[in-house]
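Just the one chain here, laid out as structure tokens, in the form predicted on its own.
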Amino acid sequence: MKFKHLVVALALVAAIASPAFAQETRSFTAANGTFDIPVAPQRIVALNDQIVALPLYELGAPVVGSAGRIDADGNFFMRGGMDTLGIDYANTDIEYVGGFNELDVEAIAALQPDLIIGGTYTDAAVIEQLQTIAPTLVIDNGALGLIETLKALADVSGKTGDFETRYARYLDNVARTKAYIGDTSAISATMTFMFPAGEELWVYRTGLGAISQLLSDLGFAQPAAVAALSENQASWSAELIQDLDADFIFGFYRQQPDATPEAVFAAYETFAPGWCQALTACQNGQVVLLPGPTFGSTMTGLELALDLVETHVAGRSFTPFAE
């Protein structure tokens, strides 16, 4: 954010500082402090599309602006918006307010929000500037995890009841799937993330949104090398590809336009030639590519991940991997 933009934005804020109507407020403690926020906010700006705007929108919260992305043709879009919820800037009243790391304070001020929500990835100096517009909350999704983050977003937007109803249904469906599968703790699964170029393979112990939350909720085990990771994820060495072997290995396609299933499978071979013969999961057809929305941070992503994992694992025979 350039300094002159901040000055102009603050001048604009001063011009529109008076709220349209008095609102009942309450206290809420976020990662950046305790603030008085509206009991029922009417105009929320999200400083991240996938992590904040989408879960708020699916709860029915009044999102008037969101940070987003720009594609190769210069068009604004919300990552995962069309795939997960069928929404984007073009078919909603949500306004683009810059990238999550290049926010347009003027655009945010012009929307007259009564609540602004970002994360630890948001520039702290910009957060302080935004406090002059409306209470600006930092939700630490990394520390909270997916479910507690969704609960926090439901809480601050006044949609807790809506979330709890949907979350209870999800947990019931997880219990149903576990009944179909049996002893899930005896089944191991690895989560991998491969880009089409095949230059780098990421492996996740946790923190891969809906899919990692689901596999944890189902109670699946992990290979020892993955379970021992000190961080949520790691860039993996091709020489250690065998350490990822498990009953099932999950990967993803559709995370970019060129990430077709064929391209992602080919990328594994580019990254580690002969990888399929090195992994019993691959030799037995137990490498499963899921569509990108299954790692979105929404209830819709969780439900999609559950349906797909149930389809691929429950009620089928598979060759167990002996670690």
Partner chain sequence: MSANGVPRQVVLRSPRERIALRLPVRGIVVALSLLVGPIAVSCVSLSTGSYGVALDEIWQTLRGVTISQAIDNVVWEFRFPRTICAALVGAMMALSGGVLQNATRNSLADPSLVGISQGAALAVVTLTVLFPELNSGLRPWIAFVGSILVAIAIRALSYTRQGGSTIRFILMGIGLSAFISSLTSILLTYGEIDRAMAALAWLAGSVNAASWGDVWTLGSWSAVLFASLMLLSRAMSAMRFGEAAATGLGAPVALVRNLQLAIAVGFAAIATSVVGPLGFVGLIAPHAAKRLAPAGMGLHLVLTALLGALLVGLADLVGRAAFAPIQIPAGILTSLIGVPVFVLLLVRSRATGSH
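Residue numbers count along the first chain shown, from 1. A quick note: this is a predicted structure, and the numbers were derived from the prediction, not measured.
Below: the form predicted together with its partner chain, not depicted.
- A single residue from the set E164, D172, E200, D155 has any heavy atom within 4.5 angstroms of its partner chain in the predicted bound form; that residue is E200.
- Interface residue among Q242, N91, S237, T132, judged by heavy atoms within 4.5 Å of its partner chain in the predicted bound form: T132.
- In summary, the region of this chain contacting its partner chain in the predicted bound form, judged by heavy atoms within 4.5 Å and restricted to 144 to 152, 215 to 223, 176 to 184, 98 to 106, corresponds to 98 to 106.
- In the predicted bound form, its partner chain sits within 4.5 Å of a heavy atom of V126.
- When its partner chain is considered in the predicted bound form, I70 lines it closely, a heavy atom lying within 4.5 Å.
- Contact annotation: F77 falls outside 4.5 Å of its partner chain in the predicted bound form, judged by heavy atom distances.
- Using a 4.5 Å cutoff between non-hydrogen atoms, D83 does not count as a contact of its partner chain in the predicted bound form.
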